[in-house]
Ligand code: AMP
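Next up: a single chain in structure tokens, the form predicted alone.
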Amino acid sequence: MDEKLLENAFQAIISAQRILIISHIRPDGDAVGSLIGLGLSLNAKGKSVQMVSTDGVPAIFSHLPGNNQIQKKARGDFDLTIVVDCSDLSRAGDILHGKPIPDINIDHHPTNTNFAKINLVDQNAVATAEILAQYLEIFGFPITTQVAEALLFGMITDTLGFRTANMTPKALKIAAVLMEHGGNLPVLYQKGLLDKSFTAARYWGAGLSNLEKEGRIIWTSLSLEERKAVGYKGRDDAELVNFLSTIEETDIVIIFIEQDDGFVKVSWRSQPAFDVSLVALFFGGGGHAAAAGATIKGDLKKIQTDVIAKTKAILGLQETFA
């Protein structure tokens, strides 16, 4: 990452007093961890900070210190706006509707559109939390135990416990430093990747019942009705897609989650030979080669048919399924 760009960004943060930090809709562990980690670090530096996520904080992240400071709406005026772990501005929801372009964009997605005045995008980082963990202290922002917990959680969840194909020795060293600052890796791993509520387990049951396979691609759907039937409160898949990606003899996994606003959230996972971010981009989404997503308006069944067909076409899987 360009050192001058980094310096400009952190000088802007140092100069600001009232700071708004935003992450993406339907936040994952990296989004929440980065939001809290940066927010608490700037708080410790004496800054007035608002951490905002349109969808709030999923219950599975409620153990993170500082999660209760995340709001669904921004209030008042700000000297500086920072967007974290967000590949394009539409993913931030309506928080910035009618407001000027964000000042700083901190992200690691290859599909990032560089939408801010200053764009700190490192595609080689395994998580946005890794970028923050690497540079906060360098520029004079403290990494307290709570900050370390949030950032380590972001790294653990985005790498599925340090086992994704983009893992690097550098990321493991940064994780070790966060542990030295007080991040409890075993507990965070358990909370982020293993623990499931009873309703989440029932929700998984619905998704597993709908599971289909053709060649080396599998997919399933979770309807709004199924979500309500089991009482699952989130708008996500309760991390079912990551479990499905462990199924043997599978190259591509797709999950379709019907939302309550006429949209369907689609998530892809793939083996290293396939870049599913190309498919997500076609549908207005983004992500990584091995993990990507998009939100599409329309009927669940029709979207499922269209997405599977386009996934086959873009990734050259036509012969496999002939």
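Since the model is a prediction, treat every value here as computed from it, not as a measurement. The numbering used is simple: start at 1 and walk along the sequence shown.
There is another form of this protein, the form predicted together with ligand AMP, and it is not shown here; the text below is about that form.
Asks: Where does ligand AMP sit in the model of the complex: which of 52 to 60, 263 to 271, 66 to 74, 35 to 43, heavy atoms within 4.5 Å?
Replies: Residues of 263 to 271 come within 4.5 Å of the partner.
Asks: Mind checking whether each of 91, 291 and 294 has a heavy atom within 4.5 Å of ligand AMP in the model of the complex?
Replies: Yes, all three are in contact.
Asks: Against ligand AMP in the model of the complex, would residue 191 count as a contact residue? Criterion: heavy atoms within 4.5 Å.
Replies: No, no contact at 4.5 Å.
Asks: With the partner left out here, check for me: in the model of the complex, does some heavy atom of residue 81 sit within 4.5 Å of ligand AMP?
Replies: No - in the model of the complex, heavy atoms of residue 81 and ligand AMP never come within 4.5 Å of each other.
Asks: Given that the partner is absent here, does residue 87 sit within 4.5 Å of ligand AMP in the model of the complex, heavy atoms only?
Replies: Judged by the heavy-atom cut-off of 4.5 Å, residue 87 is in contact with ligand AMP in the model of the complex.
Asks: Consider residue 109 of the chain shown here, and say whether it contacts ligand AMP in the model of the complex, taking contact as heavy atoms within 4.5 Å.
Replies: Because a heavy atom of residue 109 falls inside 4.5 Å of ligand AMP in the model of the complex, the answer is yes.
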